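In the block that follows, a single chain appears as structure tokens, in the form predicted on its own.
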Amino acid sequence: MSQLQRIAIAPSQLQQQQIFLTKEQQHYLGRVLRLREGDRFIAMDGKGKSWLAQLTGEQAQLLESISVETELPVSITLMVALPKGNGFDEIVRCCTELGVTCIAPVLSDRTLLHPSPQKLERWRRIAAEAAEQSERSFVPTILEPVTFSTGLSSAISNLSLVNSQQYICVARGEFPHLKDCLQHQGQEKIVIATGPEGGWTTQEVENAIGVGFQPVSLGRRILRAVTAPVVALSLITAACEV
């Protein structure tokens, strides 16, 4: 099964054991992957279900349901201040591969990028492609960008504080390292926030602490805004995955 190509489909494409492929999927399967009629691939709905499927022209036939065990034992929400340029594309791609559950882009006081609505569609497409490549069973949720204060409120309202951990990564200051703070035993949800170029402002850090976030360090070096999320996710994965 691991040798077969994967594509993410929308639940609406499934009808009576058939997958109605989009023009883009037909092109990808036929022209890019060079699959022919009768060839098999794995279809995933991005919500935990996967199937072995067989290409039949412009459609595909579901053959059997399959189990994919690649997800982390915890739900991770990455709250990330949007970096300049196209850096967020790489954050979405890498953190999807590492197992993030939800990515919440936020606009901080030092954010330079103010994305267009088309950016959100692009990020969601990148997440789907990265989930296919990394053989995940879930495609991460990419939320619409909001202000950091709104993001904090939303994160806390969606958490059960008994089984959750909330961290904000701060580049400078005497804070404990993230790897020494993670408590994966019995934890179900982790929220991790990483800042923009120039870092969080003092007020932003204080606001996060005020709603239950613990300030942590990612090491002695100052990381780029596109590097910090990948380092944070790597540390969480190492601590939680067994």
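The model shown is predicted, which means the values in this text are computed figures rather than measured ones. The numbering used is simple: start at 1 and walk along the sequence shown.
There is another form of this protein, the form predicted in complex with another copy of the chain, and it is not shown here; the text below is about that form.
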| property | result |
| --- | --- |
| L72: touches another copy of the chain in the model of the complex, heavy atom cutoff 4.5 angstroms | yes |
| Contact label in the model of the complex: L14 to another copy of the chain, heavy atom within 4.5 Å | no |
| 4.5 Å heavy atom contact, G99 to another copy of the chain in the model of the complex | yes |
| Contact label in the model of the complex: R40 to another copy of the chain, heavy atom within 4.5 Å | no |
| Non-hydrogen atom within 4.5 Å of another copy of the chain in the model of the complex for each of T22, H114 and K119 | no |
| One stretch from 54 to 62, 188 to 196, 31 to 39, 213 to 221 that, in the model of the complex, holds residues within 4.5 Å of another copy of the chain by heavy atom | 213 to 221 |
| Contact residue in the model of the complex, chosen from A104, C94, L107, A128 - any heavy atom within 4.5 Å of another copy of the chain | C94 |
| Listed residue that, although another copy of the chain is not shown, lies within 4.5 Å of it in the model of the complex (heavy atoms), from S134, N86, S149, T141 | S134 |
| Residues within stretch 217 to 241 having a non-hydrogen atom within 4.5 Å of another copy of the chain in the model of the complex | G219, R220, R221, I222, L223, R224, T227, V230, V231, S234, L235, T237, A238, A239, E241 |
